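The data below hold one chain only, encoded as structure tokens and taken in the form predicted on its own.
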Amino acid sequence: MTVERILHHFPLDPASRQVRLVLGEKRLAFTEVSVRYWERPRELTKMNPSGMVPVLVETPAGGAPLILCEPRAIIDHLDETVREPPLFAPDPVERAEARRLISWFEGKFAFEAGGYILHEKIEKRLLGLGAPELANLRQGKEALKNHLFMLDTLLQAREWLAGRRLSLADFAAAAHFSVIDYFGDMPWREFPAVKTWYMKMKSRPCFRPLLNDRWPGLHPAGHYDDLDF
């Protein structure tokens, strides 16, 4: 059955990037609509009362549109309706570990590390809130290193974050790291196992569109789109 998909997103939003990676990994064609969500456009709030991106609109041929709001609802729907490739390993232990790591990134990592860095580097610029607070950036970067130490230890013994198989945990992590890397704030040299893993993620076909992202006034680091960084 033919399905038209339109993704309303912000290119430098980790949640939006996670959905884009999943759509790409499942080889699903979609149209992108970039949204300035901080301006609370009426079209976005009509679809999602929270005013947050991403929002995916699926319209089957001859059918009514289905509006899916925010990453968990979108990704769960895609994995349930488009079985291949699966986003979780068949091993229940690896599935449980993948879900633990996804929760880690969406909660603890975003709260302690990514949130500080991206608020200072992106949100303040977009909202006109002035220059970044160096103390907040320092706190976010120190927390980032603590998280990377944990992941580097995992990846020294594993092929992928949750175990032997690529899973949604890898896409969740890569979505967060890719935005921080856009600004050159990932300390790759200190965490070689994480860097090797990220190079594998960065080389996947689903990742390539993210490397073309640019936003006016927010320029990427020189290595951002380099596969051999």
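Each residue number is its position in the shown sequence, starting from 1. Given the structure is predicted, the values throughout are model-derived calculations rather than measurements.
Keep in mind that the form predicted together with another copy of the chain is missing from the display, and what follows is about it.
A heavy atom within 4.5 Å of another copy of the chain in the predicted complex is found for one listed residue only; from K145, R100, K124, R138, this is R100.
Of the candidates C69, L44, I180, L166, C69 is the one whose heavy atoms come within 4.5 Å of another copy of the chain in the predicted complex; the others do not. Relative to another copy of the chain in the predicted complex, residues A157, R189 and K202 are all farther than 4.5 Å at every heavy atom. Heavy atoms within 4.5 Å of another copy of the chain in the predicted complex belong, among the stretches 47 to 55, 180 to 188, 26 to 34, 157 to 165, to residues of 47 to 55. At least one heavy atom of A96 is located within 4.5 Å of another copy of the chain in the predicted complex.
In the predicted complex, E84 stays away from another copy of the chain, with no heavy atom inside 4.5 Å. Put simply, P92 is close to another copy of the chain in the predicted complex: some heavy atom of it is within 4.5 Å. Contact annotation for L129: none of its heavy atoms lies within 4.5 Å of another copy of the chain in the predicted complex.
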